[in-house]
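Alright, two takes on the same chain below, each alone as structure tokens: structure 1 and structure 2.
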Structure 1
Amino acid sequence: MTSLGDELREQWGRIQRMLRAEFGETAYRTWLRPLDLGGLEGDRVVITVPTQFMRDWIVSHYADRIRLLWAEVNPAVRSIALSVRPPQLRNAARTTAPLTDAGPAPAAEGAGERASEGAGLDELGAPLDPRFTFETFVVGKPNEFAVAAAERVAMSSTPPFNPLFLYGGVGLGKTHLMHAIGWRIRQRDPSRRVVYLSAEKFMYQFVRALRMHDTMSFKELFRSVDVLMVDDVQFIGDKNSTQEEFFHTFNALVDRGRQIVISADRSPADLSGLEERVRSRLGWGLVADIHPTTYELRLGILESKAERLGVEVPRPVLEFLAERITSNVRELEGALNRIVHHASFSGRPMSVEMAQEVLRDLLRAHERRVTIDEIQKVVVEHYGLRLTDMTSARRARAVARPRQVAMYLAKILTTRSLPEIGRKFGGRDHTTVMHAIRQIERLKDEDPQLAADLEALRRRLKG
């Protein structure tokens, strides 16, 4: 293995800074900061981790991204290897600052919290991410109810509903809202003891207390908080002893008038593996779901992110990302970070073409397969026709033009051949399909309304 050189250390430092910017302070400090650079073996970089559990987590969640960043920073690196540090090196590795730490963490608000919280509560939860506030949360139709509920909790001295249960898919803003609640409460009343942690950390703390035969301190510490926020509660399913302790902690806090905020990837009724009494308690208060983002909301999020980065991103690039990255906000912001970093390192101007090149792997994963049946259904709904009009012999312009639009969309959004498309439109000849495609290509440059219709239909089918 090649020994660590200054150039390799500097490259690892750049990569860690990019990881920190892309995944956020909490994920960075929990999973990425403990990584150490081991060395170079040919075209493979070796990275060491403290435990096997952390290695498995990094492999599942971050390894592909780390490999891609290495390839950007140093094209000679083609792969990475993750190895667990020997036990005797784990403490030594953490007694000094990491070789390439990305600098001090941003100062957290509420640093003057009362001393009675002490080291116990600091260790109990995870730090609040200073980026995740109500001011930086972009509100739209899919999340406005959840935001209103979160603000109500944050502005109330006593629980308006208990618990507040936020649920939705990955990367839609649940964690952001929980951090925002924590910051707002600390701003309004620094004396209130706010603890945010993942369900995974709750389990870890409880198991550690069991091993140390100190469950009484665990119970007292958790039940002394004023606001308890537990993220991703679905992960305590099938852990009976942890469920039992969570249930009793929940009841104790509610009985004392303390606020509880819970998040999960599905509603309480749909959480498999949880006891019925636990599911029932989780649904006691207000259940607020966060729906998948719309194109308009995604565009607003990107504009806000670019503004926070202090970078001028061309409008077509933002529109391209909003249209193509539809799964969750985390990936959307990560995609923008990748483009901004690539432009910074390469000196190339940001453009749609550059975005397509840099995000090739991500775009491929998001490529949605559209069917001709879907296209026909969406087109007839848009123009107020019947589905049979797509296959009929009617040649009236009010029917023929939408039919040509559908054929054109079938050509650009599917991999079907012209004869296959023709068969789906009432057995028409491939020359008829070709004529329709050419007609629409010509008219869309002359007719603004047709161009707008095509764009709206394409977004609906791809989103």
Structure 2
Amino acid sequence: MTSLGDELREQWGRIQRMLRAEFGETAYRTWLRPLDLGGLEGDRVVITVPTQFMRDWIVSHYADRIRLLWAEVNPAVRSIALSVRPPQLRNAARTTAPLTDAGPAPAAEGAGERASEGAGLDELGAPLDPRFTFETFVVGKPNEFAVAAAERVAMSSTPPFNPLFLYGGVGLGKTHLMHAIGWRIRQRDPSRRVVYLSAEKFMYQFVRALRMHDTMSFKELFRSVDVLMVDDVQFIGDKNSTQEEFFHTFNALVDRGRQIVISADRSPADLSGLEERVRSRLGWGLVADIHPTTYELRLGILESKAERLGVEVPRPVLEFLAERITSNVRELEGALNRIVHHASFSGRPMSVEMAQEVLRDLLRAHERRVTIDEIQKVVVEHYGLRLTDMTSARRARAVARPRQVAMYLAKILTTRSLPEIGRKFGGRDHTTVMHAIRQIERLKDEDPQLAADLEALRRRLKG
């Protein structure tokens, strides 16, 4: 490892400032400020973290971003490595305790008297992300039921339903809601012991306890929890002994009137690999699903996120993103971050063109492949024609115009060449196709009905 150049330090300082601006003061103080620059090994920057916990968290939440920022400020950097600082260096290097010195008020909760008895519990769970609160969660039709249920749980001192089972596709806010429940409960009553952890971590802890012949204290520990939240239980899978233990822990907690919150990417009934009695038990409380986002919700999330970043993002850019990045919220946020950063680095104003350019790879991945056959089918349905009208020689306006519309859509929605398109429309010449495209381009600006037809067709095809 080469010694730390001033230049590298200065670059790290810049990156830290960018991270702070991007993730906000609280997240920065909790997670990012405790990072130290270790040095440069070839084309890899080594960054040190105080604990394994933090390392895991940084890897799953911030590492990609940090790597990209490095590549931007120093093109020689290809990758980053996160290593846990040896304990003797920790106190010397740090003046503040990284995990507890910051975060919303609940994080600082009774640090003193809880420290000794709480130590085991801290080890047990994973930290809550300070960005994931109810305040930062945007509510819309697809998630309003899940949010209402989560708030109910967070505001009640005895379980209103047990367990609360949240499910939904990846990146739709399950983890965010669980953390929000955790923060709210701690805020309302710091004496309640809230433990949040992934199902994987639960399994790991249990297997480790087995290995160390210490399942007793494992059980004691879990059973002393007031609110247990287990994320992504689809991963509990087939490991029979852990499933069994999970089930016992679960029952023990429910019997004692403790709240349990579970998340999964599918409903209890669809959780394969779980024993029937476990599966049905999971469905006894309230099952709340989070549906895929709608355009309105995506737009709302983007607005809220832009406001949080403190940047003015032009409305058409937000609309463009909401329209095009439909998979999940994580990607949506990532896309917005990239644009905001690109703008601040390059000094270019944000625009739809710029977004298209910066997100080219992402947009391409989202591009649903539309075929000419599909276009023809949708067009004939829309206009009440028959499929043969697309390839026939009939020139009556009622048939010829929709055919031109289909050719136009084939041009803008597929990568087919004009001759290829012509062939699919009854072996027409490429100049005919060209004429059709020009015709539609001109007409759509004059004819609102045609413009509306095109919009409806596009939406259907891009679904």
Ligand code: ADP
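All figures in this text were calculated on a predicted structure; none of them were measured in a lab. Only the largest set of C-alpha atoms that superpose within 1.5 Å between the two forms is called the rigid core. Every residue number counts along structure 1's sequence, beginning with 1.
**Student:** Looking at both, which one would you say is the form predicted together with adenosine-5'-diphosphate?
**Tutor:** Pick structure 2; the other is not the form predicted together with adenosine-5'-diphosphate.
**Student:** By the 2 angstroms cut-off, has the C-alpha of N74 moved between structures 1 and 2 once the rigid core is superposed?
**Tutor:** Moves: yes, 2 Å or greater.
**Student:** Rigid core fitted, is the C-alpha displacement of R315 between structures 1 and 2 2 Å or more?
**Tutor:** R315: C-alpha displaced by less than 2 Å between structures 1 and 2.
**Student:** Is G384 one of the residues whose C-alpha moves 2 Å or more between structures 1 and 2 after the core fit?
**Tutor:** Indeed, G384 is displaced by 2 Å or more.
**Student:** In Å, how large is the C-alpha displacement of R401 between structures 1 and 2 after the rigid core is aligned?
**Tutor:** With the cores aligned, its C-alpha sits 8.6 Å away.
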